[in-house]
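Here you get one chain, nothing else, as structure tokens; it is the form predicted alone.
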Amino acid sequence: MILADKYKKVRKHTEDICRPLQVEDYVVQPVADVSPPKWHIGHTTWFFETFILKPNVPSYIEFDPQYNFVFNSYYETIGSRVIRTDRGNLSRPGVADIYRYREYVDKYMVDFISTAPSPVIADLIILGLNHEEQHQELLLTDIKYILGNNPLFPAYDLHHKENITTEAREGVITIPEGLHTIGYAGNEFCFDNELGRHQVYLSQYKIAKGLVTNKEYLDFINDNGYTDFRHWHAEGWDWVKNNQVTCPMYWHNIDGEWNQYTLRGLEPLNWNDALCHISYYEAAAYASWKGMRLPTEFEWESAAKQFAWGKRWEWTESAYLPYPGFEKAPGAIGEYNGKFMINQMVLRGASAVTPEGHSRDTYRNFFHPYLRWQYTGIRLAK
């Protein structure tokens, strides 16, 4: 696809995601990990203004110098910024102003792309588009959290499909011991944390063909899984007690019947759907209860080469660490992944809200173990 067409397609999809929102929905930030939708559409625009237009288009005039402070996410190289927890406190700039900002930057970007920028700058634009696709997934999960914590359980879009019914894929696959090659190889885009292709030795292991379903997880709940400390890491057990967790996020027991909040609103829980919205702590506890474990990210990737997996972001037993030979890029772009390689667990796969074509077998997502607002699920190993 021509770069200009790709740019227009990705930018339009972000606005399509926001189309069902009411103006009030754009500004809500219920918790620190959820950003207001208007911040997402401003931040993804700021990325192109800051890293492409300002350094490379001499005639470009910054839309609003104050926006660098408002829409910088975590790039220390770029300067000071609004702290993450305060993003929801900003009533201004308004939603209409931010859309004017997008339109302004898009016009300059399309004109700039038409000049056939150098391969280095073209690669940076492609990084920006993949960055925006990451935010498209975050947008939908953040919107779900915002609306799902509204006591009226309003629907985002009555036609949106997000649940995944697990196929009849019972049993396990045995992967023989030996050396397995890990990491991205190819000429298409990948993130820097996928690079450093290397070999790992894996003992023989078994990995489930299918994802854990809602019904299977209910058995864990009914067997007092949330009140039996034996299955939990110490930190996870503290998390359960301190937060009074008794079920996955968005599950609601109403008059003895289990329901689940979806982007279509509150619906009866489908027991055959793949489980989602659980923390690493819950995933590890469930695996322990089953007498199994979570796969390492290397086991997951080695098995995934043979099968079309990745319908939920799947927790792994691997800490988020650099591959051999990992190097940070110079400047602000070097802050993209490397600075987060501590105290987080790796997820593999993709999810129901991952943009088409954005995931790969080598894609490495990462979150703190207590988080569960993403579409996170479980695949067991042994």
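A residue's number is simply how far along the shown sequence it sits, counting from 1. Please read these numbers as outputs of a predicted model, since none were measured by experiment.
Separately, the form predicted together with another copy of the chain exists; it is not shown, and the next lines address it.
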So in the predicted complex, is another copy of the chain close enough to R230 to count as touching (4.5 Å, heavy atoms)? yes
Against another copy of the chain in the predicted complex, would V57 count as a contact residue? Criterion: heavy atoms within 4.5 Å.
no
Using 4.5 Å between non-hydrogen atoms, is I146 touching another copy of the chain in the predicted complex? yes
(message) How about Y280 - does it come within 4.5 Å of another copy of the chain in the predicted complex, if we only consider non-hydrogen atoms?
(response) yes
Exercise for the section: May I ask whether L127, H135 and W251 each come within 4.5 Å of another copy of the chain in the predicted complex, counting any non-hydrogen atom? Expected result: no
Checking V120, L152, L158, A185 against another copy of the chain in the predicted complex, the residue with a non-hydrogen atom inside 4.5 angstroms turns out to be L152
Testing 270 to 278, 93 to 101, 111 to 119, 210 to 218 against another copy of the chain in the predicted complex with a 4.5 Å heavy atom criterion leaves exactly one stretch, namely 93 to 101
Contact check, 16 to 36 vs another copy of the chain in the predicted complex, heavy atom within 4.5 Å, ordered by sequence, gives Q22, V23, E24, D25, V27, V28, Q29, P30
